[in-house]
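Take a look at this single chain, the form predicted on its own, given in C-alpha cells.
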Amino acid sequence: MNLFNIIKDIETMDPEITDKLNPRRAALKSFGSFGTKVALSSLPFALGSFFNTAKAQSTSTVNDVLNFALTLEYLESEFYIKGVATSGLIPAGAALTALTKIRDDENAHVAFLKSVLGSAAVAKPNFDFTAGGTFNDVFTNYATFLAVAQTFEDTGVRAYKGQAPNLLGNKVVLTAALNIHSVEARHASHLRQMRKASGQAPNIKAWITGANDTGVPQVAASFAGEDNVTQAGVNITTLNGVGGKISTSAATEAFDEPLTKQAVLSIVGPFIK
C-alpha cells in the first residue's frame, strides 16, 4: 500500500476533500491554547465533533482500528513520560528538548484518540519497558533508551500504514490517522538522527534500510519485510536509476512496508504486561 495511492483514493472518492478540510484547519488556528499549547502538527483535527460528519464504513471496524492505535500511543506516551522524568538519563540541551517535544506529541495523540472514541476507548494497560528483562537498562542507559524509542516509532509508522486500508470508507478518520502517521514518521527520523549524532549508530540513516539497520538484534522482528524490493509486482532493482540499476538499499529505503495488527502486537507484546 502506497501512501500516495491512499491520498489519491481519497481525492477520487471526494474531489472536494481539500476544500472541505481547509476550513477545518482554519478553524483550528483560532484556538490559541489546547492544554499546554499542543502544536497543531501533533494534534490533527483536535475537535472530535468533526468525525460526526463522516460516513463510517463500520463503526466497530473504525473503533477497533482507533483503539489499536490508542494502545500504541499509550505505550509511546508512557515510555517518554518516564524517560523524560528520569533524572540523568537524557543529556540536557537539544536531546532533552527533542524528547520532551516527542513526549508532548504522544500525549496529544492519546488525548485526541480518547476524545474521538469516548466511552469506547480502551483502558491503558500496564507496561514493562524492559520487555521481560531484554532491556533491563532502558531507563539507565541512554543508548538503550534511544534504541527502544526508535523501535517504537518505526513500528508505529508501519502500523498506521497497515491499518490505513481499513479506514478508506471513512475519509475524515483516514485523514486524521495519516496526519498522526506523518508525525510518527518525523519522530522516527529524528530519533535515528539522534542515535547517529551520539555515535550509537554511526551508519544509520533517517529512514529504514533493509530488514534491520538499528544495530540492535533484539528488535529485528520490528523490521521484518523491510528487505522487500518488489512493489506493484515490479522488482525495483531491475529498473534503471542514475548511474545504473537501482541498488537494493535504495529499493528498500524507498518504501515503508506495512505491518499487520498481529505482527505489531507480536512486536510490542513483550512490553505490555
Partner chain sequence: MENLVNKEQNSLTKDDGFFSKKLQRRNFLQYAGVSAAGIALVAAGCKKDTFNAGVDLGSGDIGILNYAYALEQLEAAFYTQIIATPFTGITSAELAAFTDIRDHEIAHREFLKAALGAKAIQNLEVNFSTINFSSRDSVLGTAKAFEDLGVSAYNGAGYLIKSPDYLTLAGKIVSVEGRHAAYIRDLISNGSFAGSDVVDAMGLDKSRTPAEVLSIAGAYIKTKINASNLPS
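Residue numbers count along the first chain shown, from 1. None of these values were measured; they are calculated from a predicted model.
This next part talks about the form predicted together with its partner chain, which is not shown.
Using a 4.5 Å cut-off to its partner chain in the model of the complex, each of D154, K161 and E257 places a heavy atom inside that distance. When its partner chain is considered in the model of the complex, A206 lines it closely, a heavy atom lying within 4.5 Å. When contacts are judged by a 4.5 Å heavy atom cut-off, S182 counts as touching its partner chain in the model of the complex. Mapping the unseen interface onto this chain, Q200 falls outside it, with no heavy atom inside 4.5 Å of its partner chain in the model of the complex. Using a 4.5 angstroms limit between non-hydrogen atoms, R186 touches its partner chain in the model of the complex.
The partner is not drawn, yet in the model of the complex one stretch among 140-148, 83-91, 164-172, 124-132 has residues with heavy atoms inside 4.5 Å of its partner chain: 164-172. In the model of the complex, the residues of 97-128 lying within 4.5 Å of its partner chain by at least one heavy atom are, in order, A98, K101, I102, D105, A108, H109, F112.
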